[in-house]
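Read the single chain below, which is given as structure tokens and is the form predicted on its own.
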Amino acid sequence: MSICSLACIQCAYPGSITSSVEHHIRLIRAAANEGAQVIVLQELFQQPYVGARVDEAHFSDASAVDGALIQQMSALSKELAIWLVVPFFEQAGPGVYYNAAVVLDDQGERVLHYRKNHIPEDPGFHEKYYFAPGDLGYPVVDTPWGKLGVLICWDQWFPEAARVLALQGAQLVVYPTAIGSLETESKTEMAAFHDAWQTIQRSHAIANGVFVAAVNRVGVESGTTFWGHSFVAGPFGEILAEAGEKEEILHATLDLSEVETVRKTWPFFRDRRIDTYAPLLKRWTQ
């Protein structure tokens, strides 16, 4: 099998973690009923986007990777016989937290665990207060349709991360995301940021010959307007499906066998000059 039915769920935070989890479960069930085999949730799906402001109280909402939240999602993926990408606020130990995601297979087994490697610190995106940098590398997992890799939000601006996943065989890269505009930004600036956000991820698809799915939230939280526009791009960078600015289940059908066809047309991996890339291992070369 190479043809996969993918669903991306974008929605707004409804006001409490309990109601958010319940709402996402309803949306996951709806996506599965509509034929989705792989369902991807947005960054920190069960809670508000914590980086919008510094608040120590958010730490109490973190979950262990084998805790109740992931167990609940695992039972759901097994019941519905779906693959589920679940991003969450992970507590790994006393005072140690990560912006993380797991992939659950259709038997409810945890088959991939990823911790966000690139942690932003910007106005409205204060993640360094909460999260340590990831320490699990860039894992990929075999699915019935092909290899899947997960990156999270700020990771999407770094071509090295997408390339590492592709070098490990990833044919589909998913980006759970929470990105939007601050109150101080104009509509023109918002449009420019959105265009850059979509362009950089489409470029990862092209440069690596992979499918890319970006899943963003919507709604207003602590002055940040999350713009949605979740999308799926093919290995030529073409937009296969795109959501709007409201709650939506975005569906796309992917044929992961196209990856090999595209890589034969654009043989970037054949022509890489790996003997010249040593400067990439330095922060700055001057």
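Residue numbers run from 1 along the displayed sequence. This structure is a prediction, so every number in the text was calculated from the model and none was measured.
This next part talks about the form predicted in complex with a further copy of the same chain, which is not shown.
Taken together, the three residues 163, 195 and 203 all come within 4.5 Å of a further copy of the same chain in the model of the complex, as judged by their closest heavy atom. A residue is said to contact a partner when one of its heavy atoms sits within 4.5 Å of a partner heavy atom; residue 207 meets this definition for a further copy of the same chain in the model of the complex. In the model of the complex, residue 236 approaches a further copy of the same chain with a heavy atom inside 4.5 Å.
Though the partner is left out of this view, residue 144 does not reach within 4.5 Å of a further copy of the same chain in the model of the complex, counting heavy atoms only.
Proximity of residue 117 to a further copy of the same chain in the model of the complex: non-hydrogen atoms within 4.5 Å are present. Among the residues 124, 134, 139, 108, the one placing a heavy atom within 4.5 Å of a further copy of the same chain in the model of the complex is 134.
This chain is displayed without a further copy of the same chain, yet in the model of the complex the stretch 187-195 from 89-97, 187-195, 212-220, 76-84 comes within 4.5 Å of it by heavy atoms.
Residues from 158-177 that approach a further copy of the same chain in the model of the complex with a non-hydrogen atom closer than or equal to 4.5 Å are 158, 159, 160, 163, 164, 166, 167, 168, 169, in the order they occur in the chain.
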